[in-house]
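Heads up, the chain below is alone and in the form predicted on its own; it's given as structure tokens.
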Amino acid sequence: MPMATAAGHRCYELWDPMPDEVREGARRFAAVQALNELVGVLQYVEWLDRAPSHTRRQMLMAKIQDEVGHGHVVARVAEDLGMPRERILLDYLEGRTKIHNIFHYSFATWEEVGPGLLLTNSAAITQFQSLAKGVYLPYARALRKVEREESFHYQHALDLTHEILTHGDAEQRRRVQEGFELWLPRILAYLGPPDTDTLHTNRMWQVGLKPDGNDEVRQAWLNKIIPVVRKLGLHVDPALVRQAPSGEWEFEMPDWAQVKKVIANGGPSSQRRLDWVRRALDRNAPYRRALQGVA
């Protein structure tokens, strides 16, 4: 029997009868997340042979391994709901699905990696904590597992940023500040367009797969991350983000037309991501066929 949540929605296991919208929505949520975990990891792969120390390279390798693992965890959720793993990547190559705006960019300098990861990981954790309250229990459990491991990545990013700000020279500290100012608007956009006035019409909210609106998640994230970056010594430009007397965070609204263009594979690293995935699928096709017993 499906169980009830505190919000009044029914919760479902894979074997429970459930509305088609819940099944299809959970499959889409899990497939999209799997795609972004697997393709998003290429941001870090690009720095494996450029990390400035053996320790940092090991930490980066551990993050890459974790992210690929996260992709497979949520891909299994999608697979159980009828979405083959290979189809997740093929849909991306064929233009049916997109990766998040942030994964269409690469890190230009090592100093940019720390604040970029700090903002990205903290936003992802906040988002996963929200989605884990959703009604499809296998996806909620997968998110809680992913979230726990993301906390290690957050600590890595925090340590890396602190290290450069503490021991780096003036030029390195300037690059960290620039990296923060570059990635902050991207993450504000990653959390989605304002939806306070329209959330009640969103079917994923209505059926309980999207427990919180974009604005709620963004405010929760800003409440957590802004004190952290200020404690690190980074300057938060009030033109980008500022706190109103009410306590609510105000921010420079992203150019949503430009964000949409980036998501539609119009970003600086979009083609490189597509080419890498296409080469990997082509290169490994004989091995996949062998594993499937059809070689």
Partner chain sequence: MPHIPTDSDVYEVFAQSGHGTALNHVGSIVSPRPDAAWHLAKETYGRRDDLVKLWVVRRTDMIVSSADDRGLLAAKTRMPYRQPGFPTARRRDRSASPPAVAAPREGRDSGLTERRDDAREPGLTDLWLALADDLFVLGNRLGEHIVDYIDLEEALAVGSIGQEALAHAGTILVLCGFDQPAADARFFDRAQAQWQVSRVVERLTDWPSLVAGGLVIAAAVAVLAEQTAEAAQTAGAEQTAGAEPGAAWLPAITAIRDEQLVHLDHWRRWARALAAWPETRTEFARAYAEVTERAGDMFGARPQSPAQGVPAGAAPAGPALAVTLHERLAALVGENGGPGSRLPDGPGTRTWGVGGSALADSLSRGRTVRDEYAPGVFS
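Predicted, not measured: the structure shown is a model, and the values here were computed from it. Rigid core: the largest C-alpha set superposing within 1.5 Å between the two forms. Positions refer to the first chain, counted from 1.
Keep in mind that the form predicted in complex with the partner chain is not shown, yet the notes after this line are about it.
Annotation: in the predicted complex, residues 223, 230 and 249 none come within 4.5 Å of the partner chain through any heavy atom. Although the partner is absent here, residue 48 sits close enough that one of its heavy atoms falls within 4.5 Å of the partner chain in the predicted complex. When the partner chain is considered in the predicted complex, residue 131 lies well away from it, no heavy atom lying within 4.5 Å.
Although the partner is absent here, residue 210 lies well away from the partner chain in the predicted complex, with no heavy atom inside 4.5 Å. Interface membership of residue 167, defined by any non-hydrogen atom within 4.5 Å of the partner chain in the predicted complex, is confirmed. Put simply, of 242, 261, 57, 28 only one has a heavy atom within 4.5 Å of the partner chain in the predicted complex, and it is 57. When the partner chain is considered in the predicted complex, only one residue from 204, 83, 199, 137 comes within 4.5 Å through any heavy atom, namely 137. Heavy atoms within 4.5 Å of the partner chain in the predicted complex are found in one stretch of 233-241, 250-258, 263-271, 60-68, which is 60-68. Contacts between stretch 116-152 and the partner chain, counted in the predicted complex as any heavy atom lying within 4.5 Å, involve 137, 141, 144, 151, 152, listed in sequence order. Once the rigid core is overlaid between this form and the one not shown, residue 287 counts among the residues whose Cα shifts by 2 Å or more.
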